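This document opens with one chain alone, in structure tokens, the form predicted alone.
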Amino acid sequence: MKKFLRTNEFYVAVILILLCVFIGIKSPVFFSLQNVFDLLRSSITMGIFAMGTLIVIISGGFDVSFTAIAVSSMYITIKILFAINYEGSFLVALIISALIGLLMGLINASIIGFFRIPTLIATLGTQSLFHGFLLFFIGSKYINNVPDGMLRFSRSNLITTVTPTGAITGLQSGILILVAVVIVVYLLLRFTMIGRNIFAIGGSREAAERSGINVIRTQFFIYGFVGMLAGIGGIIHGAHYKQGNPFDLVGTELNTIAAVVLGGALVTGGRGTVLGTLLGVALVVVMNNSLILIGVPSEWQKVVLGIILIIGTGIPAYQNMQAAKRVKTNLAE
């Protein structure tokens, strides 16, 4: 218990609870069932993106191209489905978008693995490449409707209820996809050899190579998996908003990266947890969707996010510095 009280997850959980209580006092509608369902709905896409970002950061990398992969996968999938007049299950759209995302992720992996280009530089380049390719070769026009399967998915709820005002609200069924992704990532990182390899590479690439880990093969898995998750998140986003917007998502990477870092993942690699990431996502979603309820202008929301991000990353950095001092003191004695 004492160990948990010193973790970054504990501090994020405390900040999240205090923020929710503060907003709830100022605006009681915050705790309404409809608002809770809306917050959970808003968490689905970011949560899926965050699971991929967590894996990349643990490995010591940085990926800012996942939003471009997501919007490209979503838009191309919608165009394909309309071209073949497909009106069936959303599952087909999900699979197509995931495969497109996987292919783009493997392009990232090839550039990073074979040419050893720094991950941030490589994914900055591929972000522009993927998005530019989409706009120039595929299309730059809004698609104001989506195939029937996506439309049905957007309207499907696990729980449906009627609010006191007579409005119908529900818990969107896409939350099940997020839960499935979270479970897969948790099991992957905690119980598999590839998960241990990811942590090892993030701790020290040179040490991982000396111990026999195939770093390039692991990177192919990492960026291919992240691309697949981006494709899944992108098509869910398109279904929720019932449109194909080729200019959507790109530029929102900071929110997802902030959520993962707030959750305790070290930007230098080697550390991060699924629980911490989920708490970080919850904190960012609450700030982005609920600060307006207490009269905070939308322009100031990024300021608040920046402050909390600095505090959230500063606490573990301070803890590491103190731990290093204690080690030096013990050695000196």
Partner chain sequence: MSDYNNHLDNNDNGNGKNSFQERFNATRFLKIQDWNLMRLFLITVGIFIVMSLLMPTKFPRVLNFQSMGFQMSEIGILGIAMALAMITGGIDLSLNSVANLTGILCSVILTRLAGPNVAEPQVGLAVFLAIVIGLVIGIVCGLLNGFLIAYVGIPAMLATLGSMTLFTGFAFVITKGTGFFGIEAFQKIGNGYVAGIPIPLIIFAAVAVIMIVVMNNSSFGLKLYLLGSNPKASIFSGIDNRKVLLRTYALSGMLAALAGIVILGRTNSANPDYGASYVLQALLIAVLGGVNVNGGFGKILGLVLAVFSLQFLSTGLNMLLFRSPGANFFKMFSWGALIILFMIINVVSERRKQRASIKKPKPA
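Just so we're clear, the structure is a prediction, and the values are computed from it rather than from any experiment. Numbering follows the first chain given and starts at 1.
Another form, the form predicted in complex with the partner chain, is not on view; read the next lines as being about it.
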| property | result |
| --- | --- |
| Location of the partner chain contact in the predicted bound form, chosen stretch of 227-235, 154-162, 108-116, 91-99 [non-hydrogen atom, 4.5 Å] | 108-116 |
| Interface membership of G170, the partner chain in the predicted bound form, 4.5 Å heavy atom rule | no |
| Heavy atom of V261 within 4.5 Å of the partner chain in the predicted bound form | yes |
| Contact of L124 with the partner chain in the predicted bound form (heavy atom, 4.5 Å) | yes |
| 4.5 Å heavy atom contact, K302 and the partner chain in the predicted bound form | yes |
| Whether L18, T252 and L283 all lie within 4.5 angstroms of the partner chain in the predicted bound form by heavy atom | no |
| Partner contacts in the predicted bound form for 125-141 (non-hydrogen atom within 4.5 angstroms of the partner chain) | G125, T126, S128, L129, H131, G132, F133, L135, F136, F137, S140 |
